[in-house]
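Shown here is one chain on its own, the form predicted on its own, set out as structure tokens.
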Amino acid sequence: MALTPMQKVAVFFPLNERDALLAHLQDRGRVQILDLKETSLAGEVETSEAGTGGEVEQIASELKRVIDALGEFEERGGMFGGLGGGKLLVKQHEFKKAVEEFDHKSVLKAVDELEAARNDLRQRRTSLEGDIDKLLPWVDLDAPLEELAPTRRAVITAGLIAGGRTPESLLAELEEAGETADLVVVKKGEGYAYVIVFYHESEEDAVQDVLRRNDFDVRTFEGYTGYARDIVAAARDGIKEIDERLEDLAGKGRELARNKPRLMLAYDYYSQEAMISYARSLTGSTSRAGVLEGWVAEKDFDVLKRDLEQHLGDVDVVKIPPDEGEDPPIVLKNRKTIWPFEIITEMYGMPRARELDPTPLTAPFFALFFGFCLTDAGYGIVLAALSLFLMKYIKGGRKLLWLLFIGGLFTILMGALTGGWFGLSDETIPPWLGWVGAMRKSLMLFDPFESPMTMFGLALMLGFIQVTFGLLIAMVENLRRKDFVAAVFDQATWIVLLWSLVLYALTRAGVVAGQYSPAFKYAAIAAAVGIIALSYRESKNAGARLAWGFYNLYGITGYLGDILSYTRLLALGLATGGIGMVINVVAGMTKGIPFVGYPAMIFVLIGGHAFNIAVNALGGFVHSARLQYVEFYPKFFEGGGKPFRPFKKELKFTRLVEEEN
């Protein structure tokens, strides 16, 4: 529940050792470097303008662009080939040497020339395809295209008619409009026709009026010479030639792709150099020494000081107090079983330095709610097994995979208690799975489809417990800060009121012994009076305090709304089970299809249940997180802390290894 204690430090070093110091800090990854221009030392030391990585950042950017371009020519791996994110292993002392011995500039130039040639060919291919699309309807025209131009007295217009209009109907209208008008059909199909219209220039207005009424789509052939069929044939030959040249260039691309590992190595090297270049602009100097400020975990201070003195000699590391109003960066500190749930807190926002870490408090609720949303033990087994399996192939995202694994375990628990096993019921369990039915009955406490109100009540109970638990946490925090008045009248009174009302209702329903009913009633009244009288303490006006007190008491409807929000657990749980049952029914129906019945049934079962798991696992994650963010955290958690971001190597493609002795 605690946060990792942080210590602000200042490091003084010889100016000629600046880059060596930054490189060493980057290797160790313990210190978050601060911009001196934003600290109290800004006016006492000389600083440079904050910049970027400069030239090395530009090189890294170019390398990344080329690496992405060469990815098109790489041979793809198997089904799980891209999951591992396998990195290049290189010995620490060979990293820089390997980059310096590689002429990356010539490769970049070759790739740029290759891409330019391919783009030019693709543009030409697109142009030829456009020519074919435009001229294909006119290949039967037995006249050069340049002759389809107006003469000194005659007008020749080519175009398309469609929409149910026919050449015959168009010709009839043209003959009515002018004595010289005529047309020739070049190509005709169902509902359309490509035609050429001839008429004397003196009949221009009348003929054009007819063409407009018939939505005549004029086609022009400016720039084309020769017969349409010859141009189309030449375009097809051109496309074939371009495709051959593109294939040749693809072969060159595959040759260049062999340089990709060394390009990746160079990218990592120059990107780290760019980080050092940027970090250099965060430091400052006096007339005698360089200086930087930063944050380090308190437990790492002695290690940092000893390490720098041992490797760099004349370096001094000292503890300094934070500037006024400055908060340290935040590092969450939790046990391994709680660590995966940090992702929930990190998505919401880090706590401030003087706040508690809400992760351990929300972990059991989130896991239970996630299981509640799925309520299928079979799905839980699949989810837990899949998470463990993917951990072997995916290097990143371990926190999320462990979170899903734990969610899978709670799904198994909730599914077993509610009888959820891949959507099976007593009616749909096949005889050969009779042992599943027996196990289902022995573990099941209730069936949510037969007793939905039981599940509804359980969802409300969990919501009530979490909401009041959030108030209890806020009360304890106020007591820790010695704000006793707020603890009593802002939280304790509400806790007493809410619990008293619930327990009083249970006595009236006969669930709790009726002899306690008066005690619960009077406790609720006392708590309500406390809220009315002292929940608004800022005003000295007694009338205003009472008015605002009654308004605050009306806020009980907000708590009711918060608790009712937990019914989404019921909705998602029933939806998961219901969809699973439907999948089984549909699969059973496909079994009777001749020849393909059993393969179709297997496809429906596997595909349907996989889809159900994916969709409802996502829904369970989102809605369980929402309940924490909207209903739970606001009761006690402010947030707004900044995460600890140490200056360290961030290698995308490479893993550095120490040389074996």
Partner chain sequence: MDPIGLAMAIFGGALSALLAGTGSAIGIATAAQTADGVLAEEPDLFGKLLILVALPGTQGIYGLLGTFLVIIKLGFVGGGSVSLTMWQGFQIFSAMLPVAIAGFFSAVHQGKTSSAGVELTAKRPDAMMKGVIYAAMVETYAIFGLLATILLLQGINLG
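Just so it is clear, the model here is predicted, and its values are computed rather than measured. In this text, the rigid core denotes the largest set of C-alpha atoms whose superposition between the two forms falls within 1.5 Å. Residue numbers count along the first chain shown, from 1.
Beyond the structure shown, there is the form predicted in complex with its partner chain, which is absent from this document and is the topic of what follows.
Think of it this way: in the predicted bound form, its partner chain has a heavy atom of just one of 479, 172, 320, 564 within 4.5 Å, and the residue is 564. Only one of the listed residues (227, 216, 456, 520) places a non-hydrogen atom within 4.5 angstroms of its partner chain in the predicted bound form, and that residue is 456. In the predicted bound form, its partner chain lies farther than 4.5 Å from every heavy atom of residue 593. Contact annotation: residue 626 falls within 4.5 Å of its partner chain in the predicted bound form, judged by heavy atom distances. Taking the partner from the other structure, its partner chain in the predicted bound form has no heavy atom within 4.5 Å of any heavy atom of residue 296. In the predicted bound form, its partner chain lies within 4.5 Å of some heavy atom of residue 621. Residues with any non-hydrogen atom within 4.5 angstroms of its partner chain in the predicted bound form fall in just one of 122-130, 229-237, 138-146, 577-585: 577-585. Within 4.5 angstroms of its partner chain in the predicted bound form, the stretch 437-458 places a non-hydrogen atom from each of 449, 450, 452, 453, 456, taken in sequence order. In a rigid-core overlay of the protein, residue 69 has its C-alpha displaced by at least 2 Å between the shown form and the other one. The Cα shift for residue 642 between the shown form and the other one, taken after rigid core superposition, is smaller than 2 angstroms.
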